[in-house]
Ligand SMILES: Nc1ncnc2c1ncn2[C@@H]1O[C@H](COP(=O)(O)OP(=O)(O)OP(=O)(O)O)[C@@H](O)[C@H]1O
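Quick heads-up: it's one chain on its own, the form predicted on its own, in structure tokens.
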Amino acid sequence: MIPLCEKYRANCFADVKGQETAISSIHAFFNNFPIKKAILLHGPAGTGKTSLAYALAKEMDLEIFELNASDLRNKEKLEEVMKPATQQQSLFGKKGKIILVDEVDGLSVDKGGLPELLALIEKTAHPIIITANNIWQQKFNLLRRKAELIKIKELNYQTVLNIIKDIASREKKPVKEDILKSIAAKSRGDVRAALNDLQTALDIEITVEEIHEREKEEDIFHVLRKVFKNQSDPKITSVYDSVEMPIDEIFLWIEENIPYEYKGEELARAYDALSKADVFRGRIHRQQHWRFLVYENFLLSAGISHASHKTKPISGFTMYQRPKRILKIWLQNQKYAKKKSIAAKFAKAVHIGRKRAMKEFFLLPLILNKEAREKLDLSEDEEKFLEEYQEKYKR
């Protein structure tokens, strides 16, 4: 039996419901290609990111080459499969080709998969469509800069209900109205989940109680709105449970955006809560006292939220900003990684410990001439780092 989500996958943009703004942005991207060579469709699971890519291919008569990022987690495999795809013309007489990299959340940084994807975006002769649930993770900093970001919004209850009603009608199998409404409500905007529940309802008779509410992962922007704008939420202390992000990174998002929401005394109270959270964070890292995590979480959620004494949700839109410190930390880590790899090669060549090589690293740009660097087999990036380090040391 063909799953309903595959059987009724969109064949054109008219079949995609509730994503008119995203469709307009996709058209604009293709009209301007290759100013940006990749688009990144991001949003909650089941909102139609992959369907949009297939609808585009059919509507514009393009061949689509799909790559599931979770299957290609390292540089060698990604290069083997994607490099030819980005450079060859369509093999099926289509007007062109698009490359679909689905579920990029699964790509690895340390094994080279993500850096290789970034390199292939630079070289590709065809548009690349990338999909992801959460692109606000630290590892996606450079990808967000190289790709055109297009938000795929969570569908509302009525849109989901209309979709499953239409499909139930086309399947010519009766489903009770209260079952359809319960499926739409408990899907929480996830059309794929709704269709899976509908498939069950079409096959066997189920009750409203047997339809389970979907656990929904939320992006950091939704979570920030809850913290800053809904001080009366009794579940505020568990607000970070639904976002896939380390608490240290959440700390940076809160720190960056406090000034955009609070002023005067509220601002002072928010920073006081943040500073106390930082104290507990330091104790956790230094002493490995993980029991303090509950206090850090409480101060970052209820502590920040109740810096405002308002009892009703705050209206109005705030443009939250990505933390600048995340990029700075990432760049610093990249520099340290190059320094560490150069020191390791030098230590092996002269038979000393890596720790000593790191300690005396300031001497390496001075003593490593061209011949010595060739013997160490330094990469182009490592060579550049040494030159920059030498210039900095001279100053």
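Computed from a predicted structure; not experimentally measured. Each residue number is its position in the shown sequence, starting from 1.
One more form of this protein exists, namely the form predicted in complex with the ligand; it is left out here, but the text below deals with it.
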query	finding
One residue of Lys348, Lys340, Lys359, His27 in contact with the ligand, assessed in the model of the complex (non-hydrogen atom, 4.5 angstroms)	Lys359
Output flag, Thr237, Gly303 and Ser305 jointly within 4.5 Å of the ligand in the model of the complex, heavy atom basis	no
Partner contact for Lys355 in the model of the complex: the ligand, 4.5 angstroms, heavy atom	yes
Partner proximity in the model of the complex: Thr124 to the ligand, non-hydrogen atom cutoff 4.5 Å	no
4.5 angstroms heavy atom contact with the ligand in the model of the complex for Asn230	no
Distance check, Leu364 to the ligand in the model of the complex, heavy atom within 4.5 Å	no
Partner-facing stretch of 266-274, 244-252, 279-287, 187-195, counted where any non-hydrogen atom is within 4.5 angstroms of the ligand in the model of the complex	187-195
The ligand in the model of the complex - contacting residues of 4-34, heavy atom within 4.5 Å	Cys5, Tyr8, Arg9, Ala10, Asp15, Val16, Lys17, Gln19
